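This document opens with one chain alone, in structure tokens, the form predicted alone.
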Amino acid sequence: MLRYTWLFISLFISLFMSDLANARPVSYPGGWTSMAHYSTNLWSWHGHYSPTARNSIGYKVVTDSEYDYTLQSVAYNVLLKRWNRPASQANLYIKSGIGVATDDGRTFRGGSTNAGYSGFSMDWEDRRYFTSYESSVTQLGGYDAISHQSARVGIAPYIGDYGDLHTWIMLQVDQHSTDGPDLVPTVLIRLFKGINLVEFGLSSVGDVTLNWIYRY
């Protein structure tokens, strides 16, 4: 992963440069969030409750067909730092979870093993531009760790008013600890209105991505 530290450095600089309905791991105090993700090799759902504006706790399930496991975990997220500017906002989060991973018995002895993940994410946005970066490591018992990092840049083709349908065009670049391509770019369209956010994406290797975030 050290070869791609330029992703972290460039986006950390941009971090210091409007609070939209983003896929943030912490909501407002008393808020609930549901986040569903589908891609060619991965499906996940994460529901969480935010007792304060600084942390959230919830349940997360991930099914990874590439590594052949399903991870169910208690997820805990912390807003480590927020930078508010007159026309922009930046955030730094720590994300972690602990639980049990299962498969069909071919990989894990007894079909299950203790598992967990940890990582961080950061984002910066105003009403026109968006950048984000995240990195995480998943540990499945005593097996090799699975690492992942992702970076995004986006632009809004128009500036909508409150209550309008908002649109973003985004480019995402992913890097996994696999034998596949080192970097996989994905073009996404983000649409959100009110408490719903939907994303559609297609990668350079033909993988489809669908995301739906509902905050209430």
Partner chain sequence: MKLFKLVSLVIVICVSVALPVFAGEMIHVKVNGLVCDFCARALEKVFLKHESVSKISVNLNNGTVDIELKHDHDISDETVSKLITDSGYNVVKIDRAKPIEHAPSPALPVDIND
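Residue numbers count along the first chain shown, from 1. As the structure is a computational prediction, the values presented were derived from the model and not from experiment.
A second form of this protein, the form predicted together with the partner chain, is not displayed here; the remarks below concern that form.
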Exercise. For the chain seen here without its partner, which of 61-69, 162-170, 147-155, 36-44 has a heavy atom within 4.5 Å of the partner chain in the predicted bound form?
Worked result: 162-170
Exercise. Does residue 185 reach the partner chain in the predicted bound form if we count a contact as any heavy atom within 4.5 Å?
Worked result: no
For this session: Give a yes/no on whether residue 84 approaches the partner chain to within 4.5 Å in the predicted bound form, heavy atoms considered.
Result: yes
Exercise. For residue 103, is any heavy atom within 4.5 Å of the partner chain in the predicted bound form, or not?
Worked result: no
Exercise. Does residue 189 make contact with the partner chain in the predicted bound form, using a 4.5 Å heavy atom cut-off?
Worked result: no
